[in-house]
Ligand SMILES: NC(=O)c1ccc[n+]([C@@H]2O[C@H](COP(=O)([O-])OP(=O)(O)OC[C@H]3O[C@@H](n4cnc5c(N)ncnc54)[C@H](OP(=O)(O)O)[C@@H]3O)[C@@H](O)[C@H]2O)c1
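Quick setup: one chain, the form predicted on its own, written in structure tokens, and binding and motion questions come after.
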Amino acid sequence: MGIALAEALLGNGHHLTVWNRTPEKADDLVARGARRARSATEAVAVSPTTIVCLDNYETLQRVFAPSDGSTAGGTVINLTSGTPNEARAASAWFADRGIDYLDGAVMVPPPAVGTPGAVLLYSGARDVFDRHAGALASLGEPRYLGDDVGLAVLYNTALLEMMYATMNGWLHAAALLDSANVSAQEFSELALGWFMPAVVDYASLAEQAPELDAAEYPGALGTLAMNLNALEHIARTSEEQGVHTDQPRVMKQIAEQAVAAGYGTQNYLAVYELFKAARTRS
């Protein structure tokens, strides 16, 4: 991802100094005009703005610790994955050293960075974002989420959860059909060609989002209790077919908890109230 970010910046005419923990990874960038720094300290010392993409926030602070004070007055834009609390702690850590800070998240795979349709999320001080929005546009569409510096990584985590849950649903469903020697390709024609677009497409979820905000879940077209019956069948079928059962069991348990909480006569979206209630109990 770091290479993709650097390539996009170079491609848009930015002067660039690069550093990587594995120096040879920057060889192609240097051949294209980037300057190679011998250390992270050197890289940030010569750059008023530093964009960093590492594996976690602990590594971020370890990399920047030797340059303590040398970037005062500069800006760090961090595209490292983690948690909202880690983002807030990093912001405070840099603020103590006189460094402006933006937290961010890249919402596309490396080959899509810098292409039309690429989206990157940012949160932190609005004035810091505004000063750098032009350069950030070289990486993709910069979307500012707010001054709570933890918002970008929170959005990122929520979107990834949605992605993995959707992917696991598809993979588990394909495994169920595989137990009857139906190929994933054959199943996909019905599952992805008709069922998903017709029943749970993203447009319909967007249309239902106001119901979540209003806590209105009319059960006229189907109740949570009815959905629990379907989830029970999924769990039992998975067991009968010898397919991994943890995921359907968890989904069934969530529905059972929502019914026990009094949402049985409302529609499946009422599970949202169960998820929110867990936050108020913690």
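Since the model is a prediction, treat every value here as computed from it, not as a measurement. All residue numbers refer to positions in the sequence shown, first residue = 1.
What comes next is about the form predicted together with the ligand, which is not displayed.
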Quick one: which of 210 to 218, 243 to 251, 28 to 36, 51 to 59 gets within 4.5 Å of the ligand in the model of the complex, going by heavy atoms? 51 to 59
Tell me, out of 87, 139, 121, 79, which residue has a non-hydrogen atom within 4.5 angstroms of the ligand in the model of the complex. 79
If we test each of 146, 197, 110, 98 for a heavy atom within 4.5 Å of the ligand in the model of the complex, the one that passes is 110
Verify the contact flag for residue 176: yes if a non-hydrogen atom of it lies within 4.5 Å of a non-hydrogen atom of the ligand in the model of the complex, no if not. no
In the model of the complex, does residue 277 have a heavy atom within 4.5 Å of the ligand? no
I'd like to know whether residue 267 contacts the ligand in the model of the complex, with contact meaning heavy atoms within 4.5 angstroms. no
Using the partner position in the model of the complex, report whether residue 228 sits within 4.5 Å of the ligand, counting heavy atoms only. no
If you look in the model of the complex, which residues in 19 to 48 sit within 4.5 Å of the ligand (heavy atoms)? 19, 20, 21, 22, 25
